[in-house]
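Form predicted on its own, single chain, as structure tokens, below.
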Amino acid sequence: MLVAFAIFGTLPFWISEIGLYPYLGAEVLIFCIYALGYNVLLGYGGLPSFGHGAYFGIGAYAFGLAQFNLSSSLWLCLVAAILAAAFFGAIVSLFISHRRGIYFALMTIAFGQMFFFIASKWTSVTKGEDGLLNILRLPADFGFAAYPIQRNIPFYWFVFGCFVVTIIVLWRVVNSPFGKVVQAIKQNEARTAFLGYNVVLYKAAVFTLSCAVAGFAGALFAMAQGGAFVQVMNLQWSGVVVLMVLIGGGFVSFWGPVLGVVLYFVARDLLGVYTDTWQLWFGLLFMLVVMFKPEGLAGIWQGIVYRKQKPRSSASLHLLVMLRGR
């Protein structure tokens, strides 16, 4: 955690030196928040959602609509985005939380496409394909002082603060008794139910939590882009977060989604300079990971650390056996 905070906390000071730009850092952090929230559902709960972009988009639209119609307070607009995504996530969870496996996944696609269709056609509210434009980066008012975030560098620091808070909250959640029950459901849903836990309720709760985090990330993305767009709600964008989490190694590490997000944006901005088909190469990389190292980047790192520690552990065990023999 401290390493992640150190790297992202100093990013504005060195990102320009490697030929990139500060806005990219803010975009990476926003998708890190999105992917970490999604990984609570997939990596820890074993619940695959292929329509999660819908809640990302709902958060973006809710932030913009709250800004235009309710309040000019940044905090109230962010709360509105989180609550809107959590509300629709909770409604969907009523229909899908008693399902599992492929049926759970297919129903998430169905609901995601339904929200995408509504957002596309409800032009009086969402403006359809044109998007909800002119969303402002409202100043962060802390009572004793207001912090303007219109420019990219101050906006990055604000998003970094949101990233830190999200990390701490989600880390606490996955290591709490609630998080342990969710992990038990992933391992064996039937046994967890036999132990007396309400599996359906826990699945609904973790789905709603993941949707709320997606809505929070969507609100930050709306500020970054200056608008909310229906394209982020389609099936393709829902698939992107799945790729990020799986390539990064969300199944074996809390930090896997962060690695996956960084790799995705590096591939987009570096490979994109040389070829318009960078997504093809990223897709091939995903295939290779699935075929040869399904644990992802985090799994590769853990394997390297294990191999380094194994000889030392074997030598220690051999010494212990000798001492006991004597």
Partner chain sequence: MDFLLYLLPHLLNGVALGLLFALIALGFMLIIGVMEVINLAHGSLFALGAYFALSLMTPDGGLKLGIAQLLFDLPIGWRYVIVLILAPIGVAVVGMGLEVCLRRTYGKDPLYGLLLTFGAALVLEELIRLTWGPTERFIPMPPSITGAVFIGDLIYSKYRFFASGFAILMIGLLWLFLEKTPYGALIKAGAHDSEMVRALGVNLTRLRLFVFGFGTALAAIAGIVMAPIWGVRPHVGVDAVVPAFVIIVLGGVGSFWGAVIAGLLVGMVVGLTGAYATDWSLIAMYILLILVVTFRARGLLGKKSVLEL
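Quantities reported herein were computed from a predicted structural model and do not represent experimental measurements. Numbering follows the first chain given and starts at 1.
Another form, the form predicted together with its partner chain, is not on view; read the next lines as being about it.
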* To do: Given that the partner is absent here, state which listed stretch (59-67, 260-268, 288-296, 29-37) has heavy atoms within 4.5 Å of its partner chain in the predicted bound form.
  => 288-296
* Asked: If you check in the predicted bound form, is residue 280 within 4.5 Å of its partner chain, heavy atoms only?
  -> yes
* Classify residue 113 as contacting or not contacting its partner chain in the predicted bound form by the rule of any non-hydrogen atom within 4.5 angstroms, answering yes or no. => yes
* Asked: Can you check whether residue 50 is within 4.5 Å of its partner chain in the predicted bound form, heavy atom basis?
  -> yes
* Asked: Is residue 137 close to its partner chain in the predicted bound form, meaning a heavy atom pair under 4.5 Å apart or at it?
  -> no
* Of 91, 165, 76, 235, which residue is found within 4.5 angstroms of its partner chain in the predicted bound form when only non-hydrogen atoms are counted? -> 235
* **Partner-contacting position among 200, 243, 82, 209 - heavy atom within 4.5 Å of its partner chain in the predicted bound form** => 243
* Is any part of 90-118 within 4.5 angstroms of its partner chain in the predicted bound form by a non-hydrogen atom, and which residues would that be? -> 95, 99, 100, 101, 102, 103, 105, 106, 107, 109, 110, 111, 113, 114, 117
